[in-house]
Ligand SMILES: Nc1ncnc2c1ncn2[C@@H]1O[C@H](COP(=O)(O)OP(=O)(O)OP(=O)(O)O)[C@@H](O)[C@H]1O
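Presented below, as structure tokens, is a lone chain in the form predicted alone.
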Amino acid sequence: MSESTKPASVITISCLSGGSGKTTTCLNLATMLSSKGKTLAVDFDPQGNLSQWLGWTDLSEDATIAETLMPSGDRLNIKEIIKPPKNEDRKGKLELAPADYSLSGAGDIIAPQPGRERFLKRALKPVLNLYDFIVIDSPPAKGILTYNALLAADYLVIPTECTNKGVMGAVNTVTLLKELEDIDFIVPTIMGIIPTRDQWSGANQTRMSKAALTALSSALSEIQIFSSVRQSTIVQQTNYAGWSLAEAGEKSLATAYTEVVNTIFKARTNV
């Protein structure tokens, strides 16, 4: 790992709704950002989908991000658990801090500890100057792990599917951030919302997607809304390959992620 001239920009991907395209967003942003600077993808969801998509389907014999949260006697330095993607040679530009279901147990262990909401922030400290970007995938529900993912970040990106449920997930995520801020936590800047699973029939957007996008703009008018990501089987295919849509040649589908990457890069260069 090489030293960066400034600490990494830390971006958390979060939405308090399942099926939001959260892990897809994390994979695409981390992969695309790795072309602009050394990037660490942090799987902080006990489902471990990001780890699996980057080739780590069995972590039973490996240490994971869970071990970096433990009380001092059992805690590992995050440098000890970082791995390269298994399914694609990223030439050291993209690395992974993996997770599996043991992360759920770690959440239970740290729950009674003082400062428990910022254990991930503490865990990331040793590598902040070794990367340009750190992208964190988070759980889809309120809880100690989600608080950790949010409070470790400089920026927040909220993916949300184009349904009423998705809109409520985005609204609840923004509300949670405000609640944390109200009790004096330093919270990340909301970079914007990515509408996902935007459904079209031929050349026409469905009424459900249109209604969801209208509701999203109305409910969260103060937040930037990026281009939407259309529903496509190609998205799932590239996920399982561990590729971004852009490197798979799907530039149109990747428009929203390109916009976010450019926004993140601009924010970093202006710091």
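Residue indices: 1-based, along the sequence shown. Since the model is a prediction, treat every value here as computed from it, not as a measurement.
Below: the form predicted in complex with the ligand, not depicted.
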{"item": "Heavy atom contact within 4.5 Å of the ligand in the model of the complex, the stretch among 224 to 232, 33 to 41, 63 to 71, 202 to 210", "value": "224 to 232"}
{"item": "Residue 236, heavy atom within 4.5 angstroms of the ligand in the model of the complex", "value": "yes"}
{"item": "is_contact(residue 9, the ligand) in the model of the complex, heavy atom dist at most 4.5 Å", "value": "no"}
{"item": "Any non-hydrogen atom of residue 140 within 4.5 angstroms of the ligand in the model of the complex", "value": "yes"}
{"item": "The ligand contact in the model of the complex: residue 18, any heavy atom under 4.5 Å", "value": "yes"}
{"item": "Triple contact flag 23, 45 and 197 to the ligand in the model of the complex, non-hydrogen atom at 4.5 angstroms", "value": "yes"}
